[in-house]
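We begin with a single chain expressed as structure tokens, specifically the form predicted alone.
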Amino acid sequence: SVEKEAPGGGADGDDSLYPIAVLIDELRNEDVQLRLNSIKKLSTIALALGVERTRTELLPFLTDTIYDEDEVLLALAEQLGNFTMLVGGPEYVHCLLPPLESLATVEETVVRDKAVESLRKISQEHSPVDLEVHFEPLVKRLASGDWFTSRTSACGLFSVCYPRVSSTVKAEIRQHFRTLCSDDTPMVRRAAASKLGEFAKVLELDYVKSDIISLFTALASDEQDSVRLLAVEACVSIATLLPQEDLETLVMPTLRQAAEDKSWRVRYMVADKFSELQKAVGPEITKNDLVPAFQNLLKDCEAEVRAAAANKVKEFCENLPEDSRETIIMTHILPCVKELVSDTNQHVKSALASVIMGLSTILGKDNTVEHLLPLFLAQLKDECPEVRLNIISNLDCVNEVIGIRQLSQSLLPAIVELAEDAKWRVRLAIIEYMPLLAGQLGVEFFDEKLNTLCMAWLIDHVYAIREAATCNLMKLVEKFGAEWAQNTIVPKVLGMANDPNYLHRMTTLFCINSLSEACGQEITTKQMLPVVLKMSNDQVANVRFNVAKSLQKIGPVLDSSALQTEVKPVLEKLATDTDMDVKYFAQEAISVLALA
């Protein structure tokens, strides 16, 4: 071990030993945090040591001390991935392999994964010769290790070295991969299955057909469902690589089997990857094979599978071949969708509600009115708030297809009901949707049906709702203009200034803050300002200091004479208020508006 020397201590005063000595001390410290810190400073230490000593002292030391807490090892595995320049660049990069190799075999998965990630990163910096001399033997050692931990790590390294080695070494790599695919330990087969698609992408097409397909078929019928579901993921990559004519014989039998697997997890994976599979296999196979498979997934006995399939409804329908799209949807998909609307599981209904509106653009006006509207209505009345919300958030695409009259007659009662929902988050979501709804429905309709709602929210007992309602008013004024505001909104807002509840009086001020700019100088000066000034005599200090804040906010909208003659005296009076906060905000307003 290296003796610790104080800087400048000892006869020769050798400083260069100092950093490594401190590091070694800290790496041996009882306190994990200190050990962790020194690992995170590794690059600084390596810089101080220079490339030569990093290679000869630091790396061997690190390789020998690998038996620590997982977080320290994780930090080390990550650091080493960025160490190439610190050991002297690409020609010496192989020095980093020994410590990373031992990290790739530890018990903790997170550490192994990080070591593999760093190895993949530095593999790119090896020259082809170094890959064969140093990197490939490491992969072989890991692949034939006694512990499953090293064999799982090997799976992630095949694809990065395969493209850049000679054909004999390639053959060895393929052989190792084959062996791991039929390993006794499920964890290893799982690792191999998860890398199957990635490995297939770097192989020559002949080997994909001769090697990968047989491995794929074997993994897809593994006894462990966790292995089978990963094979489904690989299916997408493999199908993309193969020419169309081979898909039917090589891939489809396995895929059909996966879609009907006895384990719901495998079926879930098929549902989850459905759109990608659809693109990979092309329109013909989609029509003959995937449509019936999709119907079955939508009717699956497990809610998770139905939800995953429901999520894909719109995408699946969009990607169907155009000539037969409508027929397929109306005869095969829609009947299943109708059943899902009244599914017993709320996640399924919610997943469907988030995409179902998209079908209206695909199916056109008549079909939407006849078949989809009744479904939307059923979902708007669903007892689960998330389902209702997903429908409302996607109304605009239906509006484009069927027009506003039809939409409003059918959907409005449901929206009003939600606006008064007992759960405040539901009310909040509706408020946030109001400006969009108002824009879609137009001003007459809005005044007639929705205006009272918007006003009622201003006196909601939840602050978040009052705040959102204030913001909502501003957006509505931006949409409908100042004149509309003057006639419909401003009188009602100002009326609240005399409310016995001080929270409502404060809401008046918040509304004025956000409306003044949108309404312009005249309305602000003539209608809003007098109300704000009158409220400066309120007996509640919270209201008074909000008056000062409001004056600061609306000041820029007013003309200078109003500022001097009306605003200034009130702020000066508030600046001598008995309450600290009122004083503070009044003085702030005076300086911001330059009235001092």
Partner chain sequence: MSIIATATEKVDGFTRKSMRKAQKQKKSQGSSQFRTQALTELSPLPQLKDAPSTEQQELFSQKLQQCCMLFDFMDSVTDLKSKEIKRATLNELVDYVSTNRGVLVETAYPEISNMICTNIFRTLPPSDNPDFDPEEDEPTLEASWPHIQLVYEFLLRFLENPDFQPSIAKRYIDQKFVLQLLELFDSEDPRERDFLKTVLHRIYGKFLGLRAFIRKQINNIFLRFIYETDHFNGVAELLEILGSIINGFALPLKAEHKQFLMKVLVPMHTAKGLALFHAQLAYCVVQFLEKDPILTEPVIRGLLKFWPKTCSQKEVMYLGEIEEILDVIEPTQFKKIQEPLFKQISRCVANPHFQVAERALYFWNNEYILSLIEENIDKVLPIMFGSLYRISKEHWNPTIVALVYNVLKTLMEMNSTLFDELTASYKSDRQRVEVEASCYGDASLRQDLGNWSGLGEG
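Residue numbers count along the first chain shown, from 1. Source: prediction; values computed, not measured.
Just so it is clear, the following notes concern the form predicted in complex with its partner chain, a form of the same protein that is not shown.
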query	finding
Segment assignment from 469 to 477, 137 to 145, 368 to 376, 422 to 430: heavy atom within 4.5 Å of its partner chain in the predicted complex	422 to 430
Site check 517, 552 and 594: each within 4.5 Å of its partner chain in the predicted complex by heavy atom	no
Sole residue of 52, 559, 64, 69 within 4.5 Å of its partner chain in the predicted complex, by heavy atom	69
Heavy atom within 4.5 Å of its partner chain in the predicted complex - the one residue of 343, 326, 304, 211 that qualifies	304
Touches its partner chain in the predicted complex: residue 410 (any heavy atom, 4.5 Å)	no
Distance check, residue 187 to its partner chain in the predicted complex, heavy atom within 4.5 Å	yes
Any non-hydrogen atom of residue 132 within 4.5 angstroms of its partner chain in the predicted complex	no
Touches its partner chain in the predicted complex: residue 279 (any heavy atom, 4.5 Å)	no
Residues within stretch 81 to 119 having a non-hydrogen atom within 4.5 Å of its partner chain in the predicted complex	107, 108, 109
